[in-house]
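In the block that follows, a single chain appears as structure tokens, in the form predicted on its own.
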């Protein structure tokens, strides 16, 4: 099989992401003076700049990769699993790049977020970039709203995972690595703010998807496997936010509940279509 035109750009994007990941981890390694006092490494700003610019380079190269593929196969990255993983890495990277740029005190979350992105990156590398068939039902403007809302939802959920991961790691011997970040209570508060943002866009995603389904298949809802899993994800997210607002949840438990949102969404988005016999089947 001839080399797909988008693959060199994809590999370049993932290589830049690998550079950002390595730099982020290196920048979080604690440095100590001769008497055992934790010190601020003098190269912190340079390392963080390297992380940000490497991430931006990854985004640019992934944008080119998707554009080249779009031109090659004639449709956007909405159909095959190869395309979906590319576009998901792209959108999640953009969402996190904005936060990394605008919130310097939260940049330590990169040691959680980047490895999570590599779950997708490693997966896409083993897939066949064969051209996908573009269903007629995808020629619909509500598709764009559904996809965009879903990407913002997943971006908020992923950043919540980054914050929750720091809270959990502070319960281990790696606590000193994150000493320059805000307290766990502050991180927990921010994480739940992002869960509220995730709930808003998850709701909008479901609404836009229902309207799209009415135009595409003549029904708003059918309770197929993907729709049911998406609805259960929405119920879970709403339930844990209600739980957090009503009771004082211990920080580690709250962190695991936040992580559960992204895990649930990941299994819904990439897992449920494999078992669905509905109109959604085959899109991955």
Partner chain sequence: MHLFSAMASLKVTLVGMLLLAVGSMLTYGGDTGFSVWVLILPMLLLAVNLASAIATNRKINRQPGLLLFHLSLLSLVIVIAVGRLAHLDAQVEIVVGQSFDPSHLVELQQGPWHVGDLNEISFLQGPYGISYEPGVQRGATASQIGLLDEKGQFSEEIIVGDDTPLIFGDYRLYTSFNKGYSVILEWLPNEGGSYTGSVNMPSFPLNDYRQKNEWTPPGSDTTIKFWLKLENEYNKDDYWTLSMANSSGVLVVTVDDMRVELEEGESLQFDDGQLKYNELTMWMGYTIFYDPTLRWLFFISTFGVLGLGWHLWSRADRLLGKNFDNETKRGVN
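Residue numbers count along the first chain shown, from 1. Just so it is clear, the structure is predicted and the values come from calculations on it, not from any experiment.
The form predicted together with the partner chain exists for this protein as well; it is not shown, and the discussion that follows is about that form.
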property	result
Selected contact from 119, 125, 196, 148, since only one has a non-hydrogen atom within 4.5 angstroms of the partner chain in the predicted complex	196
The single option of 106, 94, 169, 112 touching the partner chain in the predicted complex, heavy atom within 4.5 Å	106
Contact test in the predicted complex: residue 49 vs the partner chain, heavy atoms, 4.5 Å	no
Non-hydrogen atom contact residue 232 with the partner chain in the predicted complex at 4.5 angstroms	yes
Partner contact for residue 54 in the predicted complex: the partner chain, 4.5 angstroms, heavy atom	no
In the predicted complex, residue 207 touching the partner chain (heavy atom, 4.5 Å)	yes
Sequence-ordered list of residues in 137-152 near the partner chain in the predicted complex, where near means a heavy atom within 4.5 Å	137, 139, 140, 142
